[in-house]
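Single chain ahead, by itself, as structure tokens, in the form predicted alone.
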């Protein structure tokens, strides 16, 4: 990795990097004082359940950022993951609504996710299109495909497996929480406890150094896009369970929350870089803010505006903190 990443950050950089967390903490305190029943076990359970799809897509995005670098423009970014999740959910819902089996629906959704990941990987690593432009275009294209598949309508799902994921519990807590935790832990193990994961991090830290060391950086970056698409596939089942079906337009809010949570999570890292566990914590914080605003009766349009503004603040503070190292 480059010296800039290894050197400890200055006090000013650490303070600037912590600013988003301080802002979120202040917002949570405000919500806790003004939203009825916000500080309760019921709300905590609701926050965790609502955050699960975001936790999974954030985990996928973290792998892409860790492999491609944390520069939002030229580094690793994959904005197509939420659209991939919604497309997979739409395929499963559409197939089940026609009395098809869940097994074949799962296979079709998996193939769709793999296709998205492979196209992203080819465009970025073989043709040389920037990840930001590639995945933003892919997001729009995949949403269009999903609208064709579902005819832009809500499709309810009452398959026993989806209902089980929604309603079953373990020791009094929804079963979906430990399942999502296992998925996130598996990706964390891949990223931090395997040789492949260390090679991906080395590529994101310094591509030139990684290539000198003999690593195939293009292959590693391509793999990160495929893994991110598979994370979208996994998140689709949590979307189906959370919404009791597939709903058009879900991808927009999921995209906002994924970007916000992932880059907010960098504030948890001592070096202020995107990490998988930081993104998971960020996803839970973002869900808490969303539910808190809803409890206070804040209009959904204002909530979207606030989230968009928070993304700008988080990214801006992160950039300033990096320059201050």
Partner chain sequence: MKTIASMLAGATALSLALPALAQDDAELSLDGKRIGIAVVGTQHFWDREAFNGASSRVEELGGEVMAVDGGRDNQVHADNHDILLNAGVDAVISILGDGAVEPKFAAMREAGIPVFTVDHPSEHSVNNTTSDNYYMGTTIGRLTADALEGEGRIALFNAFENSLRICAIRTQLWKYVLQDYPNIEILEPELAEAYANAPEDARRQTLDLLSQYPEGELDAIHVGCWDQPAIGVVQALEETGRDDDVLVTALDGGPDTLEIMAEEGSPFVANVAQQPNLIGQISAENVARYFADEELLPQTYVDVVPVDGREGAVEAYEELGYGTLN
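Numbering follows the first chain given and starts at 1. If you're wondering where the values come from, they're calculated on a predicted model, not measured in any experiment. Here, rigid core means the biggest group of C-alpha atoms that superpose within 1.5 Å across both forms.
Beyond the structure shown, there is the form predicted together with its partner chain, which is absent from this document and is the topic of what follows.
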query = Is there a heavy atom of residue 250 no more than 4.5 Å from a heavy atom of its partner chain in the model of the complex?
reply = yes
inquiry  = in the model of the complex, is there a heavy atom of its partner chain that lies within 4.5 Å of any heavy atom of residue 243, even though the partner is absent here?
reply    = yes
ask   = Would residue 269 count as a contact of its partner chain in the model of the complex, using a 4.5 angstroms cut-off between non-hydrogen atoms?
value = no
Partner contact for residue 239 in the model of the complex: its partner chain, 4.5 angstroms, heavy atom = yes
task = Report the stretch among 39-47, 277-285, 259-267, 22-30 that approaches its partner chain in the model of the complex to within 4.5 Å, counting heavy atoms only.
result = 39-47
remark   = Only hit among 151, 213, 130, 194 for heavy atom within 4.5 Å of its partner chain in the model of the complex is 151
request  = Could you check which residue among 218, 159, 207, 166 gets a heavy atom within 4.5 Å of its partner chain in the model of the complex?
outcome  = 166
ask   = Does any residue in 199-214 get within 4.5 Å of its partner chain in the model of the complex, counting heavy atoms only, and if so which ones?
value = none
message = Relative to the superposed rigid core, does residue 277 relocate between the shown form and the other one - that is, does its Cα move 2 Å or more?
response = no
ask   = Is there a C-alpha shift of 2 Å or more at residue 256 between the shown form and the other one once the rigid core is superposed?
value = no
inquiry  = Rigid core aligned, does the Cα position of residue 35 differ by 2 Å or more between the shown form and the other one?
reply    = yes
